[in-house]
Ligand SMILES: Nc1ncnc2c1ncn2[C@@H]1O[C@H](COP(=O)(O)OP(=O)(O)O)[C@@H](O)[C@H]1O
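Next up: a single chain in structure tokens, the form predicted on its own.
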Amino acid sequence: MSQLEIGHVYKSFGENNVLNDLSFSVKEGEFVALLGPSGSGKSTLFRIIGGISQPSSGKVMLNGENITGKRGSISYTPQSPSLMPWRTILDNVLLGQEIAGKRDVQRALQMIERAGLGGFEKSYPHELSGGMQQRVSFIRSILSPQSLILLDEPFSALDEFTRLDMQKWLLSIWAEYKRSILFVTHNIEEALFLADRIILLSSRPATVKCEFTISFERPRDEAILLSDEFLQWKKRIHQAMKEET
């Protein structure tokens, strides 16, 4: 059963067509990467899924419910951590739960410890590195009650080594909690390393060009990044991105 269904979504801003008959699904517990060139409309799509923006036509279904234009149905982690500077790390992590009307402090503390941030519960965002802040942002998403998490290029601002560490950490947390994740990136290696399936978008106006089911076993080790199979996958996807729609 598919948890998320994007059905024939179109989006235009005046004469500017951004999304063109976009349809795909995300199954329960699946990690799907949405891969496409910069400016292809990926962030616009996320705003539509999150109910911030309305599609020109089409609909968004979550667990069989039409959530088109409805806010609060999904959890969202943007490119920047977007932490509240006046709240401690613990209070930032609990924000999603508070909005839903509950606070599970014990579980939040366990997640902070699990993320390697033990001892920083009473710290403020400016006291943490970029990678640490991004971990806090993702913990907030995991602890929120929504079953689907949207990640919009959350590691794009990090250096290469910190980015890989964050990818491995994300996979370990996802393997434990098995939330459904839709992950936007324009980095082929990142999509291959993280995802069960890659949905390739065309340039604007975006439509689905093709999909790839990734066969690497889980849990994934960074050694696959240097394997011949990984290189062949990368070439295949790179070629598909170069082809005209």
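Numbers for residues come from their place in the sequence shown, where the first is 1. These figures come from a predicted structure and were not determined experimentally.
The next section is about a form of this same protein that is not shown, the form predicted in complex with this ligand.
K.L.:
Would you classify G41 as touching this ligand in the predicted bound form, given a 4.5 Å non-hydrogen atom cut-off?
P.N.:
Contact with this ligand, yes.
K.L.:
In the predicted bound form, does R47 come within 4.5 Å of this ligand, counting heavy atoms only?
P.N.:
Because a heavy atom of R47 falls inside 4.5 Å of this ligand in the predicted bound form, the answer is yes.
K.L.:
Can you tell me if R204 lies within 4.5 angstroms of this ligand in the predicted bound form, counting non-hydrogen atoms only?
P.N.:
Yes, R204 sits close enough to this ligand in the predicted bound form that at least one of its heavy atoms falls within 4.5 Å.
K.L.:
I'd like to know whether I237 contacts this ligand in the predicted bound form, with contact meaning heavy atoms within 4.5 angstroms.
P.N.:
Because no heavy atom of I237 falls inside 4.5 Å of this ligand in the predicted bound form, the answer is no.
K.L.:
Among 57-65, 208-216, 31-39, 191-199, which stretch has residues with heavy atoms no more than 4.5 Å from this ligand in the predicted bound form?
P.N.:
After filtering at 4.5 Å, what remains is 31-39.
K.L.:
For the stretch 3-26, which residues lie within 4.5 Å of this ligand in the predicted bound form by non-hydrogen atom distance?
P.N.:
In sequence order, F13, N16, V18 come within 4.5 Å of the partner.
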